[in-house]
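Both blocks below hold the same protein chain, though in two forms, and each is given as structure tokens: structure 1 and structure 2.
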Structure 1
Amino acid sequence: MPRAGLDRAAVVALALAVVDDGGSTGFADLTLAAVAARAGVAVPSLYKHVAGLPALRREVALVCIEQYGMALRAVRAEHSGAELLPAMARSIRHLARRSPGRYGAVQGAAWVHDPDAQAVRDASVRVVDELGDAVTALGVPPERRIDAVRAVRAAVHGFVVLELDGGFGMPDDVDVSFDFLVAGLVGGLERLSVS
């Protein structure tokens, strides 16, 4: 018999807590055993609510990607034009620093070939579209839009991962370096609009 109060949503919430407590490796280290321990049940009891670890990872990733997308949409509600991309970049960095495990869940690529991950893929496309709108606002031509989104994602993600892993050990202000990176991205993308 399932534990009182334990259902799929509760299991996902417990999994998110495991991810949050695990820091930058929280999503990678997510296990059914860790969730079961938090729930106070044996691992087999979780199968009444989720169809194993891959299904639970999909559920967790979907929640994290949807939260990420909501944050980008909130930025778009407050910013436009050339301000939009820098504001989104700052928001992404803030999210990653606040919830590195959830940020890790957003970045996974395992969903591309998973036939059961359509909802995750759809949510990811919506996030890419948000970033696409930000590069379009800089005047990036339509035929270069995906290149620009990939460049932004790679640059911001690279910075964020290095920062989370303690890769910036010099005493110089990391915020200044991040602003420098974003200004370089914006300047380079704006130049595409006039070429």
Structure 2
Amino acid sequence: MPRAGLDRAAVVALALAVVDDGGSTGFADLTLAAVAARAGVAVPSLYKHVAGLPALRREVALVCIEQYGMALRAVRAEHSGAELLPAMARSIRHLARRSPGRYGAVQGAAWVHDPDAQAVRDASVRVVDELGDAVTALGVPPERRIDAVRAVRAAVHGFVVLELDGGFGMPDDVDVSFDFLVAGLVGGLERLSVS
């Protein structure tokens, strides 16, 4: 029987493929059995490369969060000033729609109290910092920065989650609603810089 030639990275890549194929619940539904099937290998063989399902989830989440952060950094390289925040918001939604499973991996903050997930936490902090720069570029004063970032995260994340779960029953144009939300957000934050 020929070897499959797996390694840690290959297993994570297969897991990402499973997540991608699983729609918006792809991450929650991630299973060692599915990864093993895709690798053409028996389930216990995976333990030669990853410590178990929770560890694999952690690795997958790390990749997804880093990808998320890279997307935001790319946005920052191409936009500035008041354009930065709306561009980031659009980028986040775009990412979530293109890879709903991976977006789900970014969410599930089981990491918060997991001592083995420092890398995941660090990556999350970098993402939040990007958003902080964007609100600052909007003129938000430093003492409001945290509140502003929280508001942005809440609004964008909430919208995306509701959209992915099909929570917006009406067929009415969701793009318009998103632009409306972002415009309101930007307007509200800009007014902070003058008042």
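Numbering for residues begins at 1 and runs along the sequence of structure 1. By rigid core we mean the largest C-alpha set that fits within 1.5 Å across both forms. Note that the coordinates shown come from a computational prediction; the quantities given were computed from them, not determined experimentally.
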property	result
Index of the chain form predicted on its own, chosen from the pair	1
Cα displacement of Pro44 between the two structures reaching 2 Å, rigid core superposed	no
Rigid core superposition, Asp21 Cα moves 2 angstroms or more between the two structures	no
Large Cα move at Asp172 between the two structures, threshold 2 Å, rigid core	yes
